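Provided below as structure tokens are two forms of one protein chain, presented individually as structure 1 and structure 2.
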Structure 1
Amino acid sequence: MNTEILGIIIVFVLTVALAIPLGKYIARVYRGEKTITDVIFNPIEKILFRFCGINPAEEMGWKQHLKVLLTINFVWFLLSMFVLMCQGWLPLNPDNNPGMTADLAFNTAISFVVNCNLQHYSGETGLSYFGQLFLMFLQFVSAATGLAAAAILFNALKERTTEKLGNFYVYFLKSLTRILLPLSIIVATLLAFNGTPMTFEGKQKMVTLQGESVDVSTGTVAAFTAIKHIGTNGGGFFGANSAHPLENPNYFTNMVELAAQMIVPFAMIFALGFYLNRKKLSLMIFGVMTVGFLLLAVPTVMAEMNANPALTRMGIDTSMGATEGKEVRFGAAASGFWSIATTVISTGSVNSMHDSAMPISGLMQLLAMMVNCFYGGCGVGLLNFYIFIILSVFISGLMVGRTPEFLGKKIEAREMKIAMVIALLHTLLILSGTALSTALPELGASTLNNPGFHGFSEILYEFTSSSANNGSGYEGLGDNNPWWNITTGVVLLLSRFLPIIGPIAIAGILASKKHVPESAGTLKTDTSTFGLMVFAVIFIIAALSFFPALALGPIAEYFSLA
């Protein structure tokens, strides 16, 4: 079998195999049971809680959770604005990079606080090492915020009636110390031993074999790249992200980085099953997500391996597939596969330039972000999927004439309203942003790198990526100006926090309701029939919302090229 195909299959299979025991471990962490990391981190956590004046035994209701979550995120935003605008004179700036403009700092601060990492700058010239290390802090804490939110959901899904859903700070800190930090240390070590730099020395001079002199940017890349994937952040140290040969030096590191971005979202699905002792529910969720993922990934890999028909028509040898914007060491298959992994999961790191991908691949990447719940980002993927479960329970309950219930709780009008608003918010943000930018050519069209249908896709992609908190881009877009910085910044804020607030509110309201024991009349939610139902709901919402826009972009481009 083709070694390129084999390479992507093995990564996927190994990641799933590792995610199951990791999920079991995560469930123990959130249940507060004994784990192997207790020896190191129990004392550290104790000191931290005492220093911060936090009582870890105090349980919070869902409103209290959200208050604390939003407050600490606001603190990070303020800190980020300060660091990014002042990095020029802050320490650790060997390359003398200047501070950011206010609108760029606004966009960058928000985009790292919300776990998106839409980068309207290039790391080599846009950030000092201090700035990079600070953004790395945000990559950790934003991922931990998502995980903590998912832990609140886990707690709320337990079948009992309560207002108390654990302590946010405990979930948050444990997500950091017990999950993200240990995994990042492993990944960073693997990267460092495979040629990813970890140095504070700044740009290095090099004279090439042909005698030209060039500067080579280096930096604290290994530490940064590890959490960028483990935390599904995706923000690159360098402009070219994981296509850069120092950020992703060889095929092995490519496999490691692929696995690193998939493992926590995978493990969280299994963790849910272990936590609630409902393994079949986990399997249903994982099954639906995996079917969706494969439906997106397979056509993309095929399109990339089949090469650009316009180049094939020129009569050259395109047997290695589409090569524009791709690295030889990864090849077309691994590049195509990565482009879907990074868009279904809200990583947004790239190992090839999506702007140069085939139209079918562009369509699949966009769809992956429009659906935004096949696996999804650290923690938040499950929150998004939860919304679709609620919708499906309600719809199928109506279809077969049963009271809509999920895990022993009745779903009523209030929860449905919240779920609908959250499900439609994504559509609203993407389409209104795209429409506005298309209607104002002096702000939208003038910043494009490609004409015609593909140019429209650049606009659509930017808003889809923002609203999905993904962070990848059609990088040809000239996006570092007030229009793009501010509009996408606002989209990022709304699309991050409302989809956290909504599901937690629903879960919190349901948790406080009376528990209805399972009976013969209960709709089973851990079966493949119900899985099919959820898939249908997701498909119908995505198709109805986005098909017209997709027809104007990648679909039209596909037919113009074929």
Structure 2
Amino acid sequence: MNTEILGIIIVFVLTVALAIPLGKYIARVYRGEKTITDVIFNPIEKILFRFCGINPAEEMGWKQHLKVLLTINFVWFLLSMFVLMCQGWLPLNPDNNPGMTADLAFNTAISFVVNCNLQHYSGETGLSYFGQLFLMFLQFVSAATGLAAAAILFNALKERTTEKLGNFYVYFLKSLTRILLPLSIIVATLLAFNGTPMTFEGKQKMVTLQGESVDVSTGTVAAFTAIKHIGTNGGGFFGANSAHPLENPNYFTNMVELAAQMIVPFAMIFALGFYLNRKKLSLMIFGVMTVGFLLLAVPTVMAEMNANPALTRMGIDTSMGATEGKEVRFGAAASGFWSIATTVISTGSVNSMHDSAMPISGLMQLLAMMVNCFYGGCGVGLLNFYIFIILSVFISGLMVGRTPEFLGKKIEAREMKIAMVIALLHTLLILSGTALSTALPELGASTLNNPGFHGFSEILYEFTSSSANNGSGYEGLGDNNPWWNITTGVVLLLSRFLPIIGPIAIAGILASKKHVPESAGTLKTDTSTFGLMVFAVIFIIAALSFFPALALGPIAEYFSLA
């Protein structure tokens, strides 16, 4: 157990250490400064811009940015529906997997377009290689969409008055070529050299320990797994995700995949400080997020290491921790830590079954997604946190009798209305979806495999994961039917694009306002005191709103074990 704890600490510290120079590099990319990747990618980008008829020097306002973002995502959705429903007769289908039904294709297409990867199918049998490759393409572009949105926010926060916030196509393409692609190549190489398959061949014959011959699916697993983590997507090539021995063969690959899903969200926080030359601001943000992360991770790791008290009272050896639903090659501690990393960061990949986690662990996993602003996914984590900064600045200003300002721009009623709508949207989508599925058992609750408190947790988890664009699930829930595919699909759409539109709109409005220089009366927003205020606002708005629902699920289940 001590070795497992040491492994967790090493991964976290190394990831932070690597994220700082990566953040500096990302800031240089978005500022248009020279980087080491210019020699390779500048010619490629010029060809692509010329071919598409795009003028990279033409700057856009925030409304133009959002128009382009929504348009290209709609095109990808339509292409996804075509590929998923018609994959049965498309190429690269050696195992003859059929096309998806309309409702499953609807859910899967939306899920991958919005960077969630909520999978109501099993990758081995649900997709052809062509389908897997197209979804891998979506994993790249959905992550790049989030990063480009964050780059727009960076630009808007500069100390000047403007309505021009760069070019979306430039931010988007550079996010792909300069950030996601190089990192994915590194991770895929490490995985391929450690046993993760990378092939276009079909199922292969293998002999089990019992001496039986079985057909085992392989494919372009290393490439798929790399971008699923670097892009905080989370969708697995196999149904078991990163618990599968071919997707995550050993403890080293487990460390690589864990670091891969954390490094870009970490780096984006530091990139904000380098981009604006406000390192104290980025340290405040990272500090608040890290405190929140540790408050979720530590109880989870402890709960998994202590195992089920009911089993201990029966005299069963639980010295290895809670081992149900876990891989012994990773252990209880590392699996518990992964479960919080993947829910905080909105990756959604799993190396153990969350449905088998201890009630306290399930509570922490749900809270991580309900808060949805500690680190977060590629780019969008900062957008979510920005909303709480705006709310905190306004509340703090009222408390101390100062004009609410953030980075020299006055926050007024219009911005506050947008911020409150976005802050409460997450709660509305989760609780309304859960309420409907519980109130209409013939549609929602009828597919539960677990009754009582845990069954309610399964419903709550499905909508929380969807609204947080996470993608992990309690797999005791039979979710591949029209009800779950359509309802979660709608939640995925609203919870992805409205929380992007809101912060970009606020940032664009503030950028057009007159810049007010700092004075003795200016509220400092890069201090630990303000960080504590932000944490309090997050706790009150994002966490306490869900307490009644949590009391009916994981909290009640915890007391039932006592």
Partner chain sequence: MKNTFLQAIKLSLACLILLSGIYTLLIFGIAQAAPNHGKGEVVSANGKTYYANIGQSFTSDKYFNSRPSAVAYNAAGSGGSNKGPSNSEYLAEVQKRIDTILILNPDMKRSAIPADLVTASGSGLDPHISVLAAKFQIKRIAKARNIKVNQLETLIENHTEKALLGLFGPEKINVLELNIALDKLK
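What you see is a predicted model; the values in this text were computed from it and never measured. Here the rigid core means the biggest group of C-alpha atoms that line up within 1.5 Å when the two forms are laid on top of each other. Residue indices: 1-based, along structure 1.
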Pick one: is 1 or 2 the form predicted on its own? 2
Would Ser319 count as moving between structure 1 and structure 2, using a Cα shift of 2 angstroms or more after superposing the core as the test? no
Using a rigid core superposition, assess whether Val400 undergoes a CA shift of 2 Å or more between structure 1 and structure 2. no
Displaced residue check between structure 1 and structure 2: Ala413, CA, 2 Å or over, core reference: no
Give the C-alpha shift of Thr208 between structure 1 and structure 2, in Å, after superposing the two forms on their rigid core. 2.9
